[in-house]
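Coming up is one lone chain in structure tokens, specifically the form predicted on its own.
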């Protein structure tokens, strides 16, 4: 059984509902949620002229290999109305595989650890909340990455507990 950390984000429609429904659908697809961070509201990165995101990180266990896990996360995104029109554009749901055990994967369709996770407060804040001593393979402690970010340029507001389905 593999342990993975997934980042969830939504900035369209029922944002909180999309996060909760994503966990429910992942469970139906062989991905067992174990713990969830709080939910954070964050400003968009990249294309900044869009609604704020709700973000969280969940720890999961699965028998799925990394590419099969990616296929299931994308199926859940699609089921919840994700349309890939603009890079970094608005979306009903975004699920990223941040970490998969201690693996390092570099394929065209999947990179683990997620290649920009160490630069993003909306990923690091909930990840460190869940697993304070987590180390990003090839990068270092997630807490050190978080501490290096300027909180003024990447503000995040905690909204409370994750809404388990």
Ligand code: GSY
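Keep in mind the model is a prediction, meaning the values are calculated, not measured. Residue numbers count along the first chain shown, from 1.
Another form exists, predicted together with ligand GSY; not displayed. Remarks below refer to it.
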| query | finding |
| --- | --- |
| Among the candidates 44, 137, 30, 66, the residue which, in the predicted bound form, approaches ligand GSY to within 4.5 Å (heavy atoms) | 44 |
| Exercise: residue 100 in contact with ligand GSY in the predicted bound form, heavy atom 4.5 Å | no |
| Interface membership of residue 59, ligand GSY in the predicted bound form, 4.5 Å heavy atom rule | no |
| Residue 120: touches ligand GSY in the predicted bound form, heavy atom cutoff 4.5 angstroms | yes |
| Candidate stretches 36 to 44, 125 to 133, 22 to 30, 102 to 110 - the one whose heavy atoms come within 4.5 Å of ligand GSY in the predicted bound form | 36 to 44 |
| Ligand GSY in the predicted bound form - contacting residues of 7 to 36, heavy atom within 4.5 Å | 9 |
